[in-house]
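Below sits a lone chain in C-alpha cells, taken as the form predicted alone.
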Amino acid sequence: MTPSRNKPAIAVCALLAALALIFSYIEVLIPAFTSIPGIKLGIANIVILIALYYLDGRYALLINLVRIFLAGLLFSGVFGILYSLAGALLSLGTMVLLKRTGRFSVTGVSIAGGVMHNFGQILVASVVVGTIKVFAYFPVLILSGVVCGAVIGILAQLILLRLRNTSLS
C-alpha cells in the first residue's frame, strides 16, 4: 500500500467533521434557539467556513455531508436530514461562488450562507407542507440568517487569522 498525499487532509477532515458534529450537539442543547422554528445559531458552520477557506469547497462539502447525516441520525431524524441537506447544499454552493469572486469577506460569505440555508429549508418546507404560505415566515428567517451568519462569520474570521498566524510561525 503506497502512502497517499491526501492522508493529512483526510485526517483534518475527520477531525473537522467530528468538531462540527459536537457543535451540532451543543446547538441542540441551547433551549432558546430550539424553541423558535427554523432558527439556529449554526455554530457548526464555523467549521464549514474554516474548511472552505483553509482547505477548499470539496472538503467543506464532505465535512458538511458527514455532519448532516450523523447529526440527523443522532438528533433529528430523516426530516432533519432533509431540511439540513437542502439548506446546506444551497448555502455551501452560494458560499463557494462568493468566495471565488474575492469580493466578499468571510463574514459576508457567512451571511449569504446563513440566508441561503434558511431559503433552502423554507423551500423544502413548502414542498413537504404543500403550500407556499410558509414563505410568509421567510422575513424572520432572513433576519436570523443575517444576524447568525454575521456572528459565525466573525468567529470564523478570527479563527482563520489565528490559524494563518500559527502556520507562518
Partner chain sequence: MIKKADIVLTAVLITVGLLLSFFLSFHDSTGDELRITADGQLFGTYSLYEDQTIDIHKGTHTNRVIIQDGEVRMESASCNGQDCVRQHPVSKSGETIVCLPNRVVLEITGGEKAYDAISK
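Positions refer to the first chain, counted from 1. Treat the numbers as computed from the prediction; the structure is a model and nothing was measured.
This protein has a second form, the form predicted in complex with the partner chain, left out of what is shown; the following refers to that one.
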- Query: Pick from L89, L98, L82, A71: which has a non-hydrogen atom within 4.5 Å of the partner chain in the model of the complex?
  - Reply: L98
- Exactly one listed stretch (22 to 30, 56 to 64, 43 to 51, 125 to 133) reaches within 4.5 angstroms of the partner chain in the model of the complex by non-hydrogen atoms, and it is 125 to 133
- Please check if I39 has a heavy atom lying within 4.5 Å of any heavy atom of the partner chain in the model of the complex. no
- Message: Can you tell me if A18 lies within 4.5 angstroms of the partner chain in the model of the complex, counting non-hydrogen atoms only?
- Response: no
- Hey, in the model of the complex, does V12 get a heavy atom within 4.5 angstroms of the partner chain? no
- Query: Taking the shortest heavy atom distance, is T107 within 4.5 Å of the partner chain in the model of the complex?
  - Reply: yes
- Scan 108 to 142 and write down, in order along the chain, each residue with a heavy atom lying within 4.5 Å of the partner chain in the model of the complex. G108, I111, A112, V115, F119, I132, K133, F135, A136, F138, P139, I142
